[in-house]
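One chain follows as structure tokens, the form predicted alone.
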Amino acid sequence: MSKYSDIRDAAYEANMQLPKLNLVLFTFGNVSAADRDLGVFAIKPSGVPYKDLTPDDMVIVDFEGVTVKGKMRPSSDTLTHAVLYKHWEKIGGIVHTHSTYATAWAQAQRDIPNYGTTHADYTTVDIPCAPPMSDEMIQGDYEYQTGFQIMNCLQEKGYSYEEVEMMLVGNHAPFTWGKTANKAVHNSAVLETIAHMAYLSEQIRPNNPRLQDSLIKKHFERKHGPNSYYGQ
């Protein structure tokens, strides 16, 4: 058994969840799973349909973005994943999709306002949208710079990557992360649902009121606070 078997299997299983959750069309997305001890991550190969994937197709890459093992080219977004793994030491999985509603908010260059308790169950703040990338960054190493685009947005807003595990990249699409690849996929599905609900809320009621602070605090803390009581 290869020393990379665990992360290859984890990356494969997580990638296969994306079409099941209707988060991807064709090959529009990728998941990676990291092994911190080995300093590598497994990621979907570029442009391969999900129905054709096997665990052995996952490409092993180090945190500099260099392929360590694999028969195919890794995802075109690999350098973005590498940058985030290198700088955010407590994450073990990353997801990038072009899911419809989250991507629509990204294309509109808007943060997703906190309108309801579904949103507040996952974060107390609006889902941030990073400003569109500058011409200089686009003309440089685009995928590498996307990683810094994400990190810079969180830093400018004063959020930590542990506090906020999902965001939009302006004019592009969503990225999510978590302690495992499965948690990152979970966050991706939640983000798409929140984006859809927020869109519908604004259609039903223009200038929709934001969720009150006390309710945001209650819903977040009952799941994540020191005296949380949600679940078994």
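Quick note: we count residues from 1 along the sequence shown, nothing fancier. Worth saying up front: this structure is predicted, and the values here are computed from it rather than measured.
Below, we refer to the form predicted in complex with another copy of the chain, which is not included among the displayed structures.
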Within 4.5 Å of another copy of the chain in the predicted bound form, do we find a heavy atom from each of 46, 109 and 219? yes
Touches another copy of the chain in the predicted bound form: residue 101 (any heavy atom, 4.5 Å): yes
Heavy atoms within 4.5 Å of another copy of the chain in the predicted bound form: does residue 118 have any? yes
Although another copy of the chain is absent from this view, report whether residue 203 comes within 4.5 Å of it in the predicted bound form, heavy atoms only. yes
Residue 134 versus another copy of the chain, in the predicted bound form: is there a non-hydrogen atom within 4.5 Å? yes
What stretch, of 160 to 168, 184 to 192, 34 to 42, 60 to 68, brings heavy atoms to within 4.5 Å of another copy of the chain in the predicted bound form? 184 to 192
